[in-house]
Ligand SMILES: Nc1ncnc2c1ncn2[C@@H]1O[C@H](COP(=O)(O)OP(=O)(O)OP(=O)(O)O)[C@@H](O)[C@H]1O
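Below sits a lone chain in structure tokens, taken as the form predicted alone.
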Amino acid sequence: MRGRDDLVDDLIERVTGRRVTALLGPRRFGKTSVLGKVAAVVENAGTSVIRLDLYETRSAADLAVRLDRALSTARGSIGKRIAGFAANASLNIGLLRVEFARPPSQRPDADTSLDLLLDVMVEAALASPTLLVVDEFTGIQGVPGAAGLLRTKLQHHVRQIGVVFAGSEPSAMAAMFADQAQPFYAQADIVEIGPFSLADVTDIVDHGFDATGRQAGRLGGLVHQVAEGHPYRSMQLADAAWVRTPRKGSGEAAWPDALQAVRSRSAPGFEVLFAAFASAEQVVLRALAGGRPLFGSTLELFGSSSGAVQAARDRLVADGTLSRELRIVDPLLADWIRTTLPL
């Protein structure tokens, strides 16, 4: 993994110092890859890792199954301890999903199972150096009371257990640690993952082309100009140019065809995505993509009200479509809007 060395080093310093940390960033910004690198480094140093993914968690049973899976697949020396503590609690670790598939009268109680699994996780983590990585942490809000329960289980042990939370809805994620009404208020250091710099993109592209007998030319700069440092889009565009560049050829020469290919491949998905936005949300996106102000003449052009546009703007920030600086996070979506729906 290239371009994230400083961030990885920072996170490793935090987790080894037992500073609870929340990693915030839009979708496809590489949070999972960064956390994977952090996990690999601390594992090599003898720390066990538990990775819990809460994406689209819907119920206490769903959360319990996710935690059961995370514990059963925990990496490092902690596995035997988890199995032992679970057996003492009469939990058949790794099989909770099967047990919930039984007829209702034979299923375990979801709340009780969740409570016991959290106890097992904490006991095992206290007995062995452990890092808990909770990905898509905002998903816990789909289970009433779960965030409070998790905080209760962890609150007296954060100096012994490393904890990193990550989330792809930066505004919602930040609110979980900044809102006094939330169980984890002021409980974590906030770290944001940003876009790649021009230097990062150029280094990654040049390295990839050089290593395979190709010349990048000015491709890194061309990719950054369109992708604006968005990690996934940068890699997508660079790869499209790479597959069109013969050995000893120039990626810069392949750029026009590569860009057109990515645009064509992405267009059907953007059409579906854009159609799913509410009318006022479409107004906001069209205005921002075209560099227009959200109010004033834009309202007259699209026949929308200031209240509807303001509410739409806030929703788009909350769901991660817009950054807090009111930029469309996906630069190719912005590009599609500009080229397909000119004002």
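Because the structure is a prediction, the values reported are computed rather than measured. Just count from 1 along the sequence shown to find any residue number.
What comes next is about the form predicted together with the ligand, which is not displayed.
query: Quick one: is residue 231 in contact with the ligand in the predicted bound form, heavy atoms, 4.5 Å cut-off?
result: So residue 231 counts as contacting the ligand.
- request: Decide whether residue 134 counts as a contact residue for the ligand in the predicted bound form under a heavy atom distance cut-off of 4.5 Å.
  value: Judged by the heavy-atom cut-off of 4.5 Å, residue 134 is well away from the ligand in the predicted bound form.
- prompt: Is residue 313 close enough to the ligand in the predicted bound form to count, meaning some heavy atom within 4.5 Å?
  reply: Outside the cut-off, so no.
field: Contact flag, residue 59 vs the ligand in the predicted bound form, heavy atom cut 4.5 Å
entry: Contact with the ligand, no.
field: Per-stretch contact check against the ligand in the predicted bound form, the hit in 60 to 68, 305 to 313, 282 to 290, 30 to 38 (non-hydrogen atom, 4.5 angstroms)
entry: It is 30 to 38 that comes within 4.5 Å of the partner.
- prompt: Of 146, 235, 83, 116, which residue is found within 4.5 angstroms of the ligand in the predicted bound form when only non-hydrogen atoms are counted?
  reply: Residue within 4.5 Å of the partner: 235.
message: Quick one: 2, 26 and 196 and the ligand in the predicted bound form, is every residue within 4.5 Å by at least one heavy atom?
response: Yes, the whole candidate spot contacts the ligand.
query: Which residues in 141 to 171 have a heavy atom within 4.5 Å of the ligand in the predicted bound form?
result: If the 4.5 Å heavy-atom criterion is applied to the ligand in the predicted bound form, 141 to 171 yields only 168.
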